[in-house]
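To begin, one chain is listed below as structure tokens, in the form predicted alone.
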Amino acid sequence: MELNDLVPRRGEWLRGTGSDSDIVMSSRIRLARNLAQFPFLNRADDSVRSEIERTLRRHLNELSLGGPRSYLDVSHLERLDRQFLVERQLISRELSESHGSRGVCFTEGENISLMVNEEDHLRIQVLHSGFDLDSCWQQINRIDDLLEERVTYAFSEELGYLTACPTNVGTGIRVSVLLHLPALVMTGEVKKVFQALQKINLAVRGLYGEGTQAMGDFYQISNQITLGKSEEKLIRSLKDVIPNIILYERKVRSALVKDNRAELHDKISRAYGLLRSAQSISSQETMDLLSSVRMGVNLGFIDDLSIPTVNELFIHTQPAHLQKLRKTTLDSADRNAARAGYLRHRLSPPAQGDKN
């Protein structure tokens, strides 16, 4: 698969299906692993990094992932292409901005990706649409077991899996759920949620994970530590908490509809109208307006647009995607104009067939 083949496609995690998909965009589990015979990357020179990459590439290309897969040498990609993969959630910002030999293996549906030479030698990721941590765990556990039959992981009987960052030592697992919480943001109630999560050692991050700002009212909720807790217990901690946040968001949405229906409908209609008519629009404004539109579709205020299309627009209007769609490099002003043109095209009233 060529990188450009991904541009018009929609990844599995954007389908808008699965449990509670009106609020839960996606569920994700990552595992951090290192090969026993090599030092951690912060102590590895370029030749060692290259040997790690060659070793893992060979095994990943032979691994049974349930369908077609691609392997990309990230170190040979242009900055725009790396940013494109970040926007699609196939690689992390850290892998994109790192140096030396590194790569990513991912499946056709983009729900499985394996990053080589990120912070650790290997990061395994499984991403599903909706609230579906159990399926993520079953899938990633199988992949991890298959890999462990081929390679020897750095492991301590006392500590568990050894990782470059101490907070990942133990299971090496990061469990996260991406939530869309526009009503809680509008009312300021989201602050209460963050305070409660902090007390139980759950982290809140932006759309693209660690070190990123929240955009479009999307928040990633994940565990902060892994040492001393089993994978099942860490997954259970999120499975216990996330439904309460979902319930809270739905409750606030219902209250907004009941108490301020006309005002809410007007806000959503204005957002939809601006997206369909703007001549220039920034990425941040687009995310904010699409957030209102997404809530409007779920509340029944907008009936000529589907959630999968809205989900796709969140990604396709990001800077790298826009430039890949236009097949040219654009400065900020040109991107804003191109973004507006793309939105007008996708959201124009005659395009009734956009409901997919």
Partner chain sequence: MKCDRCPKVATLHVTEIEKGQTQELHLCEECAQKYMVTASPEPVSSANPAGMSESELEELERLVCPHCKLTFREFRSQGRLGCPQCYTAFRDELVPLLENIHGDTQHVGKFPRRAPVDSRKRYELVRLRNELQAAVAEESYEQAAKLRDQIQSLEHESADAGEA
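Keep in mind that this is a model prediction, so the values were computed, not measured. Positions refer to the first chain, counted from 1.
The form predicted in complex with the partner chain exists for this protein as well; it is not shown, and the discussion that follows is about that form.
Heavy atom within 4.5 Å of the partner chain in the model of the complex: which of Arg93, Arg276, Lys267, Lys239 fits that? Just give me the one.
-> When the partner chain is considered in the model of the complex, the option within 4.5 Å is Arg93.
Which listed residue (Ile200, Val204, Leu247, Val257) meets the criterion of a heavy atom within 4.5 Å of the partner chain in the model of the complex?
-> Flagged contact: Val204.
If we take heavy atoms and a 4.5 Å cut-off, which stretch out of 144-152, 103-111, 70-78, 175-183 is in contact with the partner chain in the model of the complex?
-> Checking each option against the 4.5 Å cut-off leaves 144-152.
Mark Leu325 yes when one of its heavy atoms lies within 4.5 Å of a heavy atom of the partner chain in the model of the complex, and no otherwise.
-> Taking the distances in the model of the complex, the answer for Leu325 is no, it never comes within 4.5 Å of the partner chain.
May I ask you to state whether Ser332 is within 4.5 Å of the partner chain in the model of the complex, using heavy atom distances?
-> Output for Ser332 is yes: heavy atoms within 4.5 Å of the partner chain.
Does Thr163 make contact with the partner chain in the model of the complex, using a 4.5 Å heavy atom cut-off?
-> Thr163: contacts the partner chain in the model of the complex.
If you check in the model of the complex, is Gly170 within 4.5 Å of the partner chain, heavy atoms only?
-> Close contact exists here: in the model of the complex, Gly170 approaches the partner chain to within 4.5 Å, heavy atoms only.
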